[in-house]
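As structure tokens, the next two blocks hold two forms of the same chain, structure 1 and structure 2.
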Structure 1
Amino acid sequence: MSGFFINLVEVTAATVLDVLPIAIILFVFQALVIRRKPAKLKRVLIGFVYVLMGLSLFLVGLQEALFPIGKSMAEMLTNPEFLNIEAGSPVRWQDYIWVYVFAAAIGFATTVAEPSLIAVSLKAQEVSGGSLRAFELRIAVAIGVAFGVSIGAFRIVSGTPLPYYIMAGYGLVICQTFLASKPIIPLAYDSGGVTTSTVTVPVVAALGLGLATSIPGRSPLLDGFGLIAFASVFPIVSVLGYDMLISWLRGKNQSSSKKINKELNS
């Protein structure tokens, strides 16, 4: 128990050092550039304390729970006894179906719970006047992350080069950019960034390192990293695809309505 509190104190001290520059920049600009006292200064200071407490407990929780769980799940899902294969047998991608399913599930769940994505989706709903729903955006992004992390797990299992996947992913994004509606494009690109944040990154990184460590012939340094790149690219694909699907359905409904009105008028 004492080790836990020592770790908490160390993490809190590191978090203070990380957050301190942000606070200094904000207050310096407030004092020297804007030259006005911050509104509701007491609430702002209390908010900073809450941020420090929350980040510290969250980081300790990652170290104590999420990282070990991700690694242990990867080890169990790649265990030869679980896969019903002989130890030392050649790695076949089709033997690791449950790994891909787990990667997709954990990618979807962590993305839905991502605080930065929740904040961005709520702002998008507010700015769009409700035409773009926050929950639908979160689901679209989560589906993209789930698919991307699953493909990334397949890459680790198969040992295929990472650049091919990333180039193909961004090639698809470029093609979709020409076809999607202009208002959704900046939001789609931002959606790829907000997924790689406090919840998703630690869990996905632990999964990737666990897989690369457990699968024979894979290097944790060369193969263990890269899942975050998949979690960044494929949400852009899914959000742009969601917009294209909605636009197609709306166009189809409008054409159907016009056809019905024409028949009624005739």
Structure 2
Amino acid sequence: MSGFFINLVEVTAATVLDVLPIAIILFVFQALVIRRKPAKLKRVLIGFVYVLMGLSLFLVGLQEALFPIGKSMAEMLTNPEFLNIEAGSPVRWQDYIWVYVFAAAIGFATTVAEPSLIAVSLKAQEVSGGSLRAFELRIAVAIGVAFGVSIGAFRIVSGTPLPYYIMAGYGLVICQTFLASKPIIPLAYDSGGVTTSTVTVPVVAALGLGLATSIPGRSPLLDGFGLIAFASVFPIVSVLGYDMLISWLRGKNQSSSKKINKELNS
């Protein structure tokens, strides 16, 4: 238990150090450029304390409860013994089905809990006047991450080059950009950057490292990277896809209601 408190103090100190540059920049600009006391200063300061305390507790809790078990899980699932693979036999991607399932499930689950994604989706809901639902947006992003991390795991197992996958992802995003409705585009691009932070990176990185270490012929340094890249490109695809799906459903509804109106009128 005392280890827990030592950890809490350490994490809080690290979070404070993280916030410090931001606080200094904000303070300098308030004092030198804007030269006015910000409105509701006390409330803002309390808000900052909440953010600090909240993030510290969040991180300590993750370190105590989830990261160790998530990481050991990633190691066990990539272990040839668990996968019933004989030593020296050639790598077959089919043997790693549980790895892909785990990659998708953990990618989805960690993204739903990602605080920066919560922040962006709340703002999007507020700005859109509620027509974009924060929770639906997060689910769309999480599906993208699930798909991305799973394909990324397949790439490490199969040993195929990373750039082709990412380029295919980019190509898809470019095509979708021309088809999706305009207001979703900036938000979709943003969602690629926010998916991978506090919760997702440690677990996903452990998975990549575990895979690259246990598969013969893969180097952890060279092949262990790239999963984060998958988790940043595919959410853009899924959010744009979510928008296209909604427009399509809406169009279908409208045309069917038009039909009904027509029938009623005739």
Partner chain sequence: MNKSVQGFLKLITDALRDLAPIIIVIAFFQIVVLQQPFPNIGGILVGLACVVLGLALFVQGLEMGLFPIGEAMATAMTRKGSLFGLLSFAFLLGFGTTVAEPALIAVAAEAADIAGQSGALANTIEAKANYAFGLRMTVALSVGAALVLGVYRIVAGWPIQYFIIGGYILVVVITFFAPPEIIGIAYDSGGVTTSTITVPLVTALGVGLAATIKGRNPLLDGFGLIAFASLTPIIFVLIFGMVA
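It should be emphasised that the depicted structure is a prediction, and the values quoted were computed from it without experimental measurement. For the two forms, the rigid core is made up of the largest set of C-alpha atoms that agree within 1.5 Å on superposition. Throughout, residue numbering runs from 1 along the sequence of structure 1.
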(request) Just flag whichever of structures 1 and 2 is the form predicted on its own. (result) 1
(message) With the chain divided into two rigid parts according to how it moves between structure 1 and structure 2, are residue 245 and residue 152 grouped in the same part or not?
(response) yes
(request) If the chain moves as two rigid parts between structure 1 and structure 2, put down the smaller part's rotation against the larger in degrees. (result) 10
(request) Could you tell me how many Å the Cα atom of residue 80 shifts between structure 1 and structure 2 when the rigid core is held superposed? (result) 2.9
(message) Can you give me the Cα shift for residue 11 between structure 1 and structure 2? Core-superposed, in angstrom, one decimal please.
(response) 5.9
